[in-house]
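To begin, one chain is listed below as structure tokens, in the form predicted on its own.
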Amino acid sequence: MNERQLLGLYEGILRCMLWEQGLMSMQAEGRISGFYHSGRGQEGVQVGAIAAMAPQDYLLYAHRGCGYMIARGMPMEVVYSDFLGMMEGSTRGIGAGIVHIAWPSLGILGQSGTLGGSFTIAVGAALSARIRKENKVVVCFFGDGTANRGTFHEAANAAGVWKLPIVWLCENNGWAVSTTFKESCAVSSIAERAAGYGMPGVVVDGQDSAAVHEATRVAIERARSGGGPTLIEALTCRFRGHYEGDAQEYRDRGELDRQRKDRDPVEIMAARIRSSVPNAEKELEAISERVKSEVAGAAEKAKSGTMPPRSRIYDYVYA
């Protein structure tokens, strides 16, 4: 990976982290309602994998943060506006944030309100691309808890049988809400399941965004060339609760503190850049200042948006 690519991954991770910090500030101010599932700690997986996608590819994101949409290039103010309930959001004021956002021009197909619903959507999207003879690959993110839903097994089997162009990407942070991975999964690795569906299973360090990028790049190339799906398991860390307000009393504080100190994807990428890029500190500082300005501008633009009229609730309602 060259210097520009490394700096690009760092910029993407930092943008996702700072965007979420802005959202947390809005939540503290009482501007948004509903649950939010923070992606802090898992930005490296999302940014690294999405950077390997081609512009025409499809993306089905998971519920852990909004780094997926930001990394794909969706305007930050639009995503903020969805949480604020503004007309400038992707749903024009009727969305509730993360599970309702779609942006077709970037291949962002949205999400299901039920965990695991995206698996069958991914199969349908990949099958449609094949029927239409479109050179598209579907990248479908999900968590280790979601991997235990029945839809995963049905969709993975269909994808394997038909050799569909799909990359299954499991963000294994070790927790299904408050249940550990060891307590909820019969195998020691999600990637082990790949053999049962006739596809490769790959395990990668999810905190190393460059490693995720390389694993995803290889899987996408395989899928695009007709080789079929791949199951990637990115071992990652969830720094915050399952949802904002979750006190995480079920977690060992020492382990969580060590993860935050030693496994932060922002710091891991910064260290890689410092060891391989000339004038690294100058480059990192320039990126930081630019991204901070972009995020702040997006937040202010979203806050000054337009609230939907009451009549908005009747749009797209049919009887």
Partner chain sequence: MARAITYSEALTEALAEELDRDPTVFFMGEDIGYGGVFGFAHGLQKRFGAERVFNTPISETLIVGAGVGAAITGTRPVVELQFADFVAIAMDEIYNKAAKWRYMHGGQFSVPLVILAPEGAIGGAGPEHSQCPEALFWSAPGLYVLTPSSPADMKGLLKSAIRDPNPVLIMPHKALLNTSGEVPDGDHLVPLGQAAVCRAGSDVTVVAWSAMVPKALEAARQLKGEIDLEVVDPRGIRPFDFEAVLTSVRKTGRLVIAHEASVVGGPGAEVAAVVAEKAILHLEAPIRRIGAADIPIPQSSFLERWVIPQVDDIINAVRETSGKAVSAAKLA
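Everything quoted here is computed from the prediction, not taken from an experiment. Residue numbers count along the first chain shown, from 1.
This protein has a second form, the form predicted together with the partner chain, left out of what is shown; the following refers to that one.
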- Item | Interface stretch in the predicted bound form with the partner chain - options 113-121, 243-251, 195-203, 216-224, non-hydrogen atom within 4.5 Å | 113-121
- Task: Let me know the one among 175, 239, 83, 103 whose heavy atoms come within 4.5 Å of the partner chain in the predicted bound form, would you?
- Result: 103
- Message: My question is simply whether residue 190 lines the interface with the partner chain in the predicted bound form - judged by any non-hydrogen atom within 4.5 Å.
- Response: no
- Flag residue 91 as yes or no: does it have a non-hydrogen atom within 4.5 angstroms of any non-hydrogen atom of the partner chain in the predicted bound form? yes
- Taking heavy atoms only, is residue 125 within 4.5 angstroms of the partner chain in the predicted bound form? yes
- Message: Under a 4.5 Å heavy atom criterion, is residue 186 part of the interface with the partner chain in the predicted bound form?
- Response: no
- Are there residues in 226-263 with a heavy atom within 4.5 Å of the partner chain in the predicted bound form, and which are they, in order? none
